[in-house]
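First, one chain by itself in structure tokens, the form predicted on its own.
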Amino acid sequence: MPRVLEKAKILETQREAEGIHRLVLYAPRIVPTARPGQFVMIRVASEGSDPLLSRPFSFHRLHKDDGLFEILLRVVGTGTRILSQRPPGSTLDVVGPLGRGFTPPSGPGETVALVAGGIGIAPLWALLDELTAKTHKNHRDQLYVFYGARTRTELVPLSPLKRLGVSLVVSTDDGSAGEQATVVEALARRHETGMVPLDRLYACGSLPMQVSLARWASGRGILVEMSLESMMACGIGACLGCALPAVDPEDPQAERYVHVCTDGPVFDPGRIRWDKIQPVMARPLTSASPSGL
């Protein structure tokens, strides 16, 4: 799929939650071929070279008829702070679409859960829009969204999710919104009691959350795809900064790596050597599905 360099115009900026902002951009050359789960690289600096590197952002929502896409960013450093303050009418250098997106269900017969940890809701929303418009348009009772965060101030507004007519389960670590549980605990509790018999699962969130979810899902016969977070400098596989240890199907003991930007960011968790990963995150991809500092 060809990638495009385009000057995207900011049409809207909106504060969604504490430190979280949503930008709507007009990019009529990038949007037509974009898919949920893919991402763009955005040059933050409007002039000069600070910050030098572009930042990756997943497609939060896609409005193909209008040539628009949305990103969701968390302010965690200079780059994301600058982006959150860029006014409507200004332009950004954007390259995309990049990476491997989600594989949609083959039809409406599958019960599907989307599992979002914190800012991991970003790429899953675009997928949810696609499912409710296509495969599950008349089967929304088979769609579940599990959305968790550390505390209620880190949750984006829930009313748009509720209007989609899917089953929404909210959880927070401190119990300030929804039930007091991690998002993985909330999912596991319902699946193991038979309340949510899953066929397919899509997820995005911090690496510790993904490690926990991958371990839980292993051996349960659920089709799983995860959008993994990683720091990126180029987005096209040149810098090799987003490498993750991977399973070599021919030699399980061999040292092998995949790159989040080109082999992902969406992966079957069975491809990743979770035992080789130290689950400590510094807020990359969707924190800034891909996000930036």
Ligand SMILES: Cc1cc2nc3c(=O)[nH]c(=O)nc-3n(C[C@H](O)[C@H](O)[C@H](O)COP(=O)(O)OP(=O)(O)OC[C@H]3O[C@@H](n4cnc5c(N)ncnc54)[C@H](O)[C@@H]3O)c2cc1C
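Since this is a predicted model, take the numbers as computed values, not measurements. Residues carry their position along the shown sequence, with the first being 1.
The protein also exists as the form predicted together with the ligand; that form is not presented, and the subsequent description refers to it.
- Of the candidate stretches 169-177, 105-113, 150-158, 119-127, only 119-127 contains residues with a heavy atom within 4.5 Å of the ligand in the model of the complex.
- Contact annotation: of the candidates Ser90, Thr78, Gln85, Ser218, the single residue with a non-hydrogen atom within 4.5 angstroms of the ligand in the model of the complex is Thr78.
- Contact check for Phe69: every heavy atom lies farther than 4.5 Å from the ligand in the model of the complex.
- The closest non-hydrogen atom of Leu73 lies within 4.5 Å of the ligand in the model of the complex.
- For the chain shown alone, Met226 is not a contact residue for the ligand in the model of the complex, no non-hydrogen atom being within 4.5 angstroms.
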